[in-house]
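Okay, here we've got a single chain as structure tokens, the form predicted alone, with questions on binding and movement later.
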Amino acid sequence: MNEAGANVKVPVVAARDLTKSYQLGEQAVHALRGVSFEIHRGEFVAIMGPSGSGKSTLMNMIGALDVPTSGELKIDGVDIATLDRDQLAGLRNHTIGFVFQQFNLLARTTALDNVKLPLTYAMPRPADPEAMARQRLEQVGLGSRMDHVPSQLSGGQQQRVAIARALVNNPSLILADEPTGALDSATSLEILNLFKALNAQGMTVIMVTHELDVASHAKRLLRVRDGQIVEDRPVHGLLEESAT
């Protein structure tokens, strides 16, 4: 890349006039209606909206699990509509780290082996996957729990394993779907503080939530309603304004 090209900052996510429609019998459902936004490296963005707002459809597109009906969505500069199924899977494995509400850990597998799992599909295969997994578990504060299976870990510890697994491939972004939904308030705060610490280290984090107090831990809010972005703002002062 030449010097001029090196100075061009490609957004991690760039959406332009996204639409998504489904056919349910004779009825057309318009899940997204002309959505446009950009998310840049190092941002911590919350996508918030009620059930049926389109936020889950938008999350699936950002996660390269679905493609738009029209418009354009680029992930790390790649237009997802141009990729076949195998290429989409490769994009998900190398570019996006997923964190789910229910952790999605293998029950009979140690924390270390759960974190190593995405490296099994990495191409080229890393020289020392175990060292990479250990490093990520250390990063999330579980260096002493690597040989424990999920049933021997608390809910918060299980979510930390899931976050370490999301980080192990050095993704461009972390996509977290209601990551505190299965946790109590104190543990939720620990996980949100971990996301903030990762973001402070340069990781791009996109968090999907329906809770305002969870969204307030991000730096930027995209509020979705009826398939459109109705608000795009910093979260500073969000809770105070909602209380008035």
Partner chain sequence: MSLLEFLRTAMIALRRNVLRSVLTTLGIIIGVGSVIVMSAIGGGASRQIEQQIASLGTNQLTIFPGSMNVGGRQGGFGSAPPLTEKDLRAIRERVDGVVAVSGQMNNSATIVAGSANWVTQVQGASAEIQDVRDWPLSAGRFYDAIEASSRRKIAVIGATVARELFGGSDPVGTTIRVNNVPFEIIGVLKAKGQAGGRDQDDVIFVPLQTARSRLMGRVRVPDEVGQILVKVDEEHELAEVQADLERVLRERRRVAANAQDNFAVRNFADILATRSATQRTLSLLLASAAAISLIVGGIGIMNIMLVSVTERTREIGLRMAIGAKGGDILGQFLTEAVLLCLAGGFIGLTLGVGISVVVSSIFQWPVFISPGIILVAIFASAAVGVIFGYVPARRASQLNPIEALRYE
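Positions refer to the first chain, counted from 1. This structure is a prediction, so every number in the text was calculated from the model and none was measured.
Unshown form predicted in complex with its partner chain; subsequent notes refer to it.
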Going by heavy atom distances of 4.5 angstroms or less, which of Lys74, Arg145, Arg134, Arg92 would be at the interface with its partner chain in the model of the complex?
Arg92
Test of understanding: in the model of the complex, would Ser151 fall inside 4.5 Å of its partner chain by heavy atoms?
no
Should Asp66 be classed as touching its partner chain in the model of the complex when contacts are defined as heavy atoms within 4.5 Å?
yes
Asn170 versus its partner chain, in the model of the complex: is there a non-hydrogen atom within 4.5 Å?
no
Would Ala127 sit within 4.5 Å of its partner chain in the model of the complex, counting heavy atoms only?
no
Spot the stretch among 151 to 159, 136 to 144, 74 to 82, 114 to 122 with residues whose non-hydrogen atoms come within 4.5 Å of its partner chain in the model of the complex.
114 to 122
Between 137 to 163 and its partner chain in the model of the complex, list the residues on our side with a heavy atom within 4.5 Å.
none
